[in-house]
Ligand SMILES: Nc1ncnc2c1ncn2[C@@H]1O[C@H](COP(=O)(O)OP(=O)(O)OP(=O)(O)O)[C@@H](O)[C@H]1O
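The chain that follows stands alone, in the form predicted on its own, written as structure tokens.
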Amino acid sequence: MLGLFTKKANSLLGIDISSTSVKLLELSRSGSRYRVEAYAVEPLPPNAVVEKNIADMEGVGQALGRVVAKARSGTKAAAVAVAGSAVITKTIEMDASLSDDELENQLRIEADQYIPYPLEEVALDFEVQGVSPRNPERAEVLLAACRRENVEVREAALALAGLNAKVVDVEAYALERAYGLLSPQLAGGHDELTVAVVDIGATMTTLSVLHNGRTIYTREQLFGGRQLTEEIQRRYGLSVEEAGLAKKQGGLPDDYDSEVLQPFREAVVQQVSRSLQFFFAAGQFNDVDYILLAGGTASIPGLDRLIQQKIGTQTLVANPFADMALSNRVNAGALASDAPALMIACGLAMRSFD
């Protein structure tokens, strides 16, 4: 085993800053097999991140410091993501003979046509997608732009924890990368599949639909696991911390399942169903082959079965680590229960191998 999973010099920590926690994941790879080297999750102070924007940089920086200490990884370089709603993406056609440097210069000159902010306030990136199907002399280029402050506040929060943000990605692309690990678990050849990934966080639910492994649709809505926590608090007179813990570890009165959890499960089913209706209304699809549940709320027992039963589409809880080896520092049970919430962190950690 020794030296088989070698940490490359360019190993990156995948760091996902969500509305209630920071998640850290480090991977190594041997051949095509990954190994989880380190992972940790640390709660954030209330309202430190509001609708994916960092509101309390100190609080986030301190939580990042704690998550790094907990994970016991020596790596200081990190990949972090901004929310899809903060990013403008456009696919444009450029001359296929241009080098990357020439492309970048050309895009900087033309970018103001595509972006509604002053260019000095914007962080820009691009990726050549391939030759244009309409004209072999043109290349399709994906242009992504985000307000610089969104990037800088993340870099600054990481710096408070002694980390260096080497890569700033977009959540949807990180999810797409992690989905590549799940597609072998789906029957029917992943190339032709249309799969809805429903990421149910604490306050936001994001539907990402992937077709042939590429994201074709995303939509965010305000709904999440916090509603269940608040209902537990209200009904049983608990603090936020106690309610969050009871939700994870159990120990609530007997009526909890029927009176609180079941109505919440039903509400999740309605949200998933509504999100899919919006997607179907938007265009060429009227069905999906699978629903994958991600995010912290996905681990609620029985949720996958209820969604499958009510919507009639095969539903699975996402686990990107199903085929991975684990280092002896990683608690397998904890990783398995956190797995659906670690999709974005996993996609970010995979940037180490680009």
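Don't overthink the numbering: it's just position in the shown sequence, from 1. The model shown is predicted, which means the values in this text are computed figures rather than measured ones.
The protein also exists as the form predicted together with the named molecule; that form is not presented, and the subsequent description refers to it.
Peer 1: Could you tell me which one of A144, A83, V151, A202 places a heavy atom within 4.5 Å of the named molecule in the predicted bound form?
Peer 2: It is A202.
Peer 1: At the 4.5 Å heavy atom threshold, is R226 in contact with the named molecule in the predicted bound form?
Peer 2: Although the named molecule is absent here, R226 would touch it in the predicted bound form, with heavy atoms inside 4.5 Å.
Peer 1: May I ask you to check whether S11 falls inside a 4.5 Å heavy atom distance of the named molecule in the predicted bound form?
Peer 2: Although the named molecule is absent here, S11 would stay clear of it in the predicted bound form, with no heavy atoms inside 4.5 Å.
Peer 1: May I ask you to state whether I300 is within 4.5 Å of the named molecule in the predicted bound form, using heavy atom distances?
Peer 2: Yes, I300 lies within 4.5 Å of the named molecule in the predicted bound form.
Peer 1: Is it the case that R177, even though its partner is missing from this view, gets within 4.5 Å of the named molecule in the predicted bound form, heavy atoms only?
Peer 2: R177: no, not in contact with the named molecule in the predicted bound form.
Peer 1: Of these, 194 to 202, 86 to 94, 101 to 109, 277 to 285, which stretch puts a heavy atom within 4.5 angstroms of the named molecule in the predicted bound form?
Peer 2: Contact criterion met by 194 to 202 only.
Peer 1: Does the trio R35, N319 and R351 actually contact the named molecule in the predicted bound form, every residue with a heavy atom within 4.5 Å?
Peer 2: Zero of three within 4.5 Å in the predicted bound form.
Peer 1: Could you pull out the residues of 41 to 55 that have any heavy atom within 4.5 Å of the named molecule in the predicted bound form?
Peer 2: Result: empty, none.
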